[in-house]
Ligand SMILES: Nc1ccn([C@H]2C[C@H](O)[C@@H](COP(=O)(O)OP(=O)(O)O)O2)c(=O)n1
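Presented below, as structure tokens, is a lone chain in the form predicted on its own.
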């Protein structure tokens, strides 16, 4: 179900959008696959973390508040992140969005649906073992201070405790598309493509294949 959402917390807009939540642990390859989906299927990629960082960089009053909360080790309220996502959706000319790394927990999920009136079309879940994610994070060289074994394991624990209830909630509604993210990047994207290809296109492809073989 896709509904209208409120602009600036009051006036409703009738813009209809299709939203896909992209979830997976640190090192599951979400970013790489989101870039592929954008290129092949025309979605706009929204990262909650990137939006928060951009707001801080803008020097706005809101950005300063976010920065201070992060400095003090406080969790940025769901409403703040949701308003940034909402604004990004409203200001973009596209009508299909990948929301990456959000909702992080059940409270995020409930608040997003309550504030925006939007339910995701589905949740793309990159399923990957802790061992494989750990190996990838330790191998990659992005100069991230948090890519050490102890911090990686803490991040994984937080992800498991907070994100899995969200996945379970949507799974009960039949909205989770699980991808085996432990495979090579190309194979993972083949599985992703199968999720995003409309059934009519799959039928056409099968029909052409049949004629060719004939």
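What we label the rigid core is the largest C-alpha set whose atoms superpose within 1.5 Å from one form to the other. Not measured: the values here are computed from a predicted model. Positions refer to the first chain, counted from 1.
Separately, the form predicted in complex with the named molecule exists; it is not shown, and the next lines address it.
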So, in the model of the complex, is residue 81 in contact with the named molecule at a 4.5 angstroms heavy atom limit?
yes
How about residue 102 - does it come within 4.5 Å of the named molecule in the model of the complex, if we only consider non-hydrogen atoms?
yes
Residue contact check: residue 59 to the named molecule in the model of the complex, 4.5 Å heavy atom
no
Heavy atoms within 4.5 Å of the named molecule in the model of the complex: does residue 52 have any?
yes
Picking from 40, 155, 175, 178, the single residue whose non-hydrogen atoms come within 4.5 angstroms of the named molecule in the model of the complex is 155
165, 191 and 195: each with a heavy atom within 4.5 Å of the named molecule in the model of the complex?
no
Hey, does residue 154 budge by 2 Å or more at the Cα between the shown form and the other one once the core is superposed?
yes
